[in-house]
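Next up is one chain by itself, shown in structure tokens, the form predicted alone.
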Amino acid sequence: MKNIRFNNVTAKYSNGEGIEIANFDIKQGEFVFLSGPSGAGKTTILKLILMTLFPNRGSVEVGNFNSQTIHTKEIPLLRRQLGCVFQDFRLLDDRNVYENIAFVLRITGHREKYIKRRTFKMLAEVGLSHKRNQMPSQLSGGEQQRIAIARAMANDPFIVLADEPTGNLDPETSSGILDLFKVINERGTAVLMATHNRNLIDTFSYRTLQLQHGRIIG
């Protein structure tokens, strides 16, 4: 099983922010919210899982990888098992919807026949097959986020990391995006979602890690 485990993790930036003495597990197939105000440490936790940041103390285990023993050349292999969705979508503005998803599959070495089949499957799952030839600038915010989710799922990750994925969306659109994450989770993919939106957390009865000043307080 592919789990995530934080073992007495402290990771501090030069300004003193970060997280301190974090201990928690995220099990395969689980949906977990990371809650707390801006600067509480939510994004730091996501960076530690992606291993763009390493602990000052303690260790982070992501599947078979450990922050204390991972080699630089293994980090791309780790990240291929993770899907990422951001508040600002981060789509490639110079490529259409289809190519935004296909690009992720090409850089991981898949053949074109598989890329076409998988890309069309991802577009169908987020309900945007009819938008495949449009550019990101032609899409609404909610549509752009759906494409970002399709891209995150393209390589069949065992967990999706979502950093304030509804932060730029209106309440109705946000609800639809959360429903999509719920479907993804019900199919067996773990979801770790950072948010400060209490309404979203209260709507879904998932486990919540509450952060304050870099510490998990509940």
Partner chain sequence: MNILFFIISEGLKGLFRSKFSTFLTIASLLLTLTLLNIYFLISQNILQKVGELRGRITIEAFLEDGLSENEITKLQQKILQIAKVDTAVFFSKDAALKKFQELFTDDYSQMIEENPLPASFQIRIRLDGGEQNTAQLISKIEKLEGIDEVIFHRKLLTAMNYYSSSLRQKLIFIGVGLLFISFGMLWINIKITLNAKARLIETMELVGAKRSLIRGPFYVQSIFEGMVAGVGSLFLCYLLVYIFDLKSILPYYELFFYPIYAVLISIILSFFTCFLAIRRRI
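All figures in this text were calculated on a predicted structure; none of them were measured in a lab. Numbering follows the first chain given and starts at 1.
Another form exists, predicted together with its partner chain; not displayed. Remarks below refer to it.
So, residue 117 and its partner chain: in the predicted bound form, are they within 4.5 Å at any heavy atom pair?
Contact check for residue 117: no, nothing within 4.5 Å of its partner chain in the predicted bound form.
In the predicted bound form, residue 90 touching its partner chain (heavy atom, 4.5 Å)
Residue 90 belongs to the contact set for its partner chain.
Within 4.5 Å, heavy atoms only: does residue 106 come near its partner chain in the predicted bound form?
Heavy-atom contact with its partner chain at 4.5 Å: present for residue 106.
So in the predicted bound form, does any heavy atom of residue 121 sit within 4.5 Å of its partner chain?
Taking the distances in the predicted bound form, the answer for residue 121 is no, it never comes within 4.5 Å of its partner chain.
I have 182, 205 and 215 flagged as a candidate spot, so tell me whether each of them has a non-hydrogen atom within 4.5 Å of its partner chain in the predicted bound form.
No residue of the spot touches its partner chain in the predicted bound form.
Taking its partner chain in the predicted bound form, which residues along 74-94 bring a heavy atom to within 4.5 Å of it?
If the 4.5 Å heavy-atom criterion is applied to its partner chain in the predicted bound form, 74-94 yields 76, 77, 79, 80, 84, 86, 88, 90, 92, 93, 94.
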